[in-house]
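Have a look below at one chain only, the form predicted on its own, in structure tokens format.
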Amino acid sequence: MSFVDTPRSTCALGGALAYINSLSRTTPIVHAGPGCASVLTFGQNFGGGYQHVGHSGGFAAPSSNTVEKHVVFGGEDRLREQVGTTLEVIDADLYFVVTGCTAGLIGDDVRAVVGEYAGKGKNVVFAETPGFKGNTYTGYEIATRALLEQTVRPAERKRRATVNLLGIVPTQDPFWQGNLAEIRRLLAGIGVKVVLSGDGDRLNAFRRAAEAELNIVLSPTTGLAAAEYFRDTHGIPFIRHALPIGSDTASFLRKVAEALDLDLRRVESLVAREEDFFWKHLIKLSEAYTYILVNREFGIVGDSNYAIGLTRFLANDLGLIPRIVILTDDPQQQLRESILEYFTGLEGGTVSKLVFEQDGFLISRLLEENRPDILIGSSADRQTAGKLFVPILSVAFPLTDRVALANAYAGYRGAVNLAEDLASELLSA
């Protein structure tokens, strides 16, 4: 038997629910045992900075609540009953059936049950997401691809300079809404329109998502299933870039512009304006910097996406020294080498210790053995930080000592927010 102490994500069903709850006028229908829907939705939102999201989530999420007799005799009739009742009671544009471990183990034919509602004026889709299939990121991948396969319509033509945004997992990134809003703002600045944004997408947007010219995967590990579906089925290419924070945003915008064959003069004009804003505000930190940040070694505990952006910003823009980076999302082995490349060529020097680790006990031990001066991690790392007398800024899941509403760390303006939050934490400590 093996277990993970203080896990940094939920199960696959939790990831699917996090994604469904981010959609506009969409309700989940959970085919699982009693408590799965409410516990996972509450846990995902509670760990994501106390934010409630969803058309009808948490304790209100419709659930089949399968029990022992359904394990023995099958739960399809119970699911059929629950879907029918939900369609009568809840007003939504889209009804999304997802499965838990019980349904996955007994092999209920969810596809057949959902197929009974085809052509009856209600939009019902499904994804098989038993928790044992993986973590939050896996559930996000399964749910996004399943939804696209069942809703996206072939495009008669591509719309110039339009994109879909993929890869940011709602609430798993506690600042997902703010980050996506900042990415959309920057893309609008270079003339790019967004079809699927990853925040509040509606059914009509999915139906015309194949009109996009490009898909942007804002993660080195997550969102690939959806991007590959668009590429293989609708001929839409994709690019990947870890969440851009600070000056790394320029390379992100140039990569998008190159892929879409945009006017580079407009891109460079935006970069110049944003960098002017960026350095204008960072320079105000210089006096405090001299006694709270100069020559400090930092540690990062977070998933690959956040850890890359944070490390590059702290090392390249703030000139701090990377002491230890712990990546907590357990990416597939074939992706790990490409992830490690993001941590090369840092102006603050080579990361002294760079590891993949999920277990909270081992993460704590690694931090004790490689004690940084400053730690950026999750609320789960606060106890270790206190033990080591190290100031900590919580930004990653689980985030339970801060409220996350509209704050952002992406882009130039997000980086200013990050510098402000980090400096405030250091001063208060």
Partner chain sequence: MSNEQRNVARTTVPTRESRLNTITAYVGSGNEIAGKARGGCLLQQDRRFSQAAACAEMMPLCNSALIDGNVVIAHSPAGCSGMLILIGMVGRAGRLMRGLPEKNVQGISTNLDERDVVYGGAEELEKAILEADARYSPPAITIITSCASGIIGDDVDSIVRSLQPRVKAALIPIQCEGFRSGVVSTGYDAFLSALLGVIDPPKRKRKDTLLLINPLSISRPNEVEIERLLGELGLKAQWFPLFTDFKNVRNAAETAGVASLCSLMSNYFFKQFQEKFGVPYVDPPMPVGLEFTDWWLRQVGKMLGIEEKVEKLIESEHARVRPQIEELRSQLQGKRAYVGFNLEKSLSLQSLLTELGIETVVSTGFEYSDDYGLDRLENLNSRCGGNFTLHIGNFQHFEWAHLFNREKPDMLVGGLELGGAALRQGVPVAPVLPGTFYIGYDGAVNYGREIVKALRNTSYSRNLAQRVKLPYRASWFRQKTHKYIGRSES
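This is a predicted model, so every value here is computed, not measured. Positions refer to the first chain, counted from 1.
Another form exists, predicted together with its partner chain; not displayed. Remarks below refer to it.
Among residues of the shown chain, H234 is not one whose heavy atoms approach its partner chain to within 4.5 Å in the predicted complex. Its partner chain is not drawn, but in the predicted complex it has no heavy atom within 4.5 Å of E287. Although the partner is absent here, E68 is a contact residue: one of its heavy atoms lies within 4.5 angstroms of its partner chain in the predicted complex. Its partner chain in the predicted complex is not approached by Q150, whose heavy atoms all lie more than 4.5 angstroms from it. In summary, the region of this chain contacting its partner chain in the predicted complex, judged by heavy atoms within 4.5 Å and restricted to 219-227, 152-160, 248-256, 89-97, corresponds to 89-97.
A380 is the sole member of I376, L367, A380, A404 with a non-hydrogen atom within 4.5 Å of its partner chain in the predicted complex. With the partner removed from view, the residue among E81, D261, E116, E275 that has a non-hydrogen atom within 4.5 Å of its partner chain in the predicted complex turns out to be E81. Along 118-156, a non-hydrogen atom within 4.5 Å of its partner chain in the predicted complex is carried by G131, F132, K133, in order along the sequence.
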